[in-house]
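The chain below stands alone and is given as structure tokens, in the form predicted on its own.
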Amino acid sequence: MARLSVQLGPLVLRNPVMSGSGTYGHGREMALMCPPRHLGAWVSKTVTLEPRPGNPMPRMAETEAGLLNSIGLENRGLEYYLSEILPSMRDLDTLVVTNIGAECVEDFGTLAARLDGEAAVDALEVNLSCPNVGGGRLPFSTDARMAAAAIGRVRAATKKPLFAKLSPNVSDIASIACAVEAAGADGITAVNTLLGMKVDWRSRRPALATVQGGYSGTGIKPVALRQAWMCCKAVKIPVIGCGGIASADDALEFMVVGCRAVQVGTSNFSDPSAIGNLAQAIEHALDQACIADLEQWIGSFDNPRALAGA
């Protein structure tokens, strides 16, 4: 059987499969659908300092090749997460990554500082697609300086491994990847959702109350794959691929271009149990290709001769 464990910065994952933030709750509630031991890590939905009610309905809409959402980071806030969610995650048989979001640099730091001492949290993932109220409404992820400021504040507040989740809605993702690496990120998640919209021409109404939202699912995979590859080429820290991944072939495409792990998101809505079988499917695909160790395959896209005789 192929060896699936991977080194992800300071962490060792038993396999490269992670849940995508916002698509699998906080993790524990999905245990009946997917035993925790089947995943390399569970990633929480975004936690903010204060509770957020989210955006008005409707805030999800299915498309021909994916899903539009405009949830608005609905959650019960940090205090609820600390008192009601984390205690049940301490004995979970997988790594726990807490995704955090904020509208100013200071709140990112506060969140990181409060979570730094929590033993149940193995790493933090910083959602840089939050709008920056302090510096205008643009998300942190669209400006290298703003992204670096947020990551730098989090880095100063915690010793936990830190992953920066980047947006594909930029002209030069590599420069932003380099900026967060320099600011202290231990890894990068590439990428968050694309911007999109859907309308009903008969009613002349948008499918989402906010008109535009985040587009995810099968349709974005080619874009996400390219963006992840650009990040892999630009930085030395590990990259987690995310965007349209639903099968072993999808996951291995991201890993062959350099990603050390993958996140599965939108496909969880159609089959919440499928993610639990993905590691086994990857193992089977590697066995069929006579590849004994996944680490051997990661990043081989740019240097195919490295595998000669392997």
Partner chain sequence: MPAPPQDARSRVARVVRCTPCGADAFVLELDPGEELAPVRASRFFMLRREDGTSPLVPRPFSLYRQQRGNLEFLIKAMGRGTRALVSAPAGSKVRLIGPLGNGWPTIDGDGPDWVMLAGGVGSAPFWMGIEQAQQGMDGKTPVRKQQVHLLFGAASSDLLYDFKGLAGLGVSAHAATMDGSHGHRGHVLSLLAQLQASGKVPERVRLLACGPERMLEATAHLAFERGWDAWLSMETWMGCGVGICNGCPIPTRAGGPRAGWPNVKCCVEGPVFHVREVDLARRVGAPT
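Treat the numbers as computed from the prediction; the structure is a model and nothing was measured. Numbering follows the first chain given and starts at 1.
What comes next is about the form predicted in complex with the partner chain, which is not displayed.
K.L.:
Choose from 106-114, 203-211, 143-151, 232-240 the stretch whose residues reach within 4.5 Å of the partner chain in the predicted bound form, heavy atoms counted.
P.N.:
It is the stretch 203-211.
K.L.:
At the 4.5 Å heavy atom threshold, is K45 in contact with the partner chain in the predicted bound form?
P.N.:
The answer is yes: K45 has a heavy atom within 4.5 Å of the partner chain.
K.L.:
Should L67 be counted as a contact of the partner chain in the predicted bound form, where contact means heavy atoms within 4.5 Å?
P.N.:
It does: once the partner chain is placed as it appears in the predicted bound form, L67 has a heavy atom within 4.5 Å of it.
K.L.:
Just to confirm, T63 within 4.5 Å of the partner chain in the predicted bound form by heavy atoms?
P.N.:
Residue-level check for T63: yes, a contact with the partner chain.
K.L.:
Using a 4.5 angstroms cut-off on non-hydrogen atoms, would I282 count as touching the partner chain in the predicted bound form?
P.N.:
Taking the distances in the predicted bound form, the answer for I282 is no, it never comes within 4.5 Å of the partner chain.
K.L.:
Counting only non-hydrogen atoms and a 4.5 Å threshold, tell me whether S5, R37 and G276 all contact the partner chain in the predicted bound form.
P.N.:
Judged in the predicted bound form, none of S5, R37 and G276 sits within 4.5 Å of the partner chain.
K.L.:
Who in 115-130 is close to the partner chain in the predicted bound form, meaning a heavy atom within 4.5 Å?
P.N.:
Contacts from 115-130: none.
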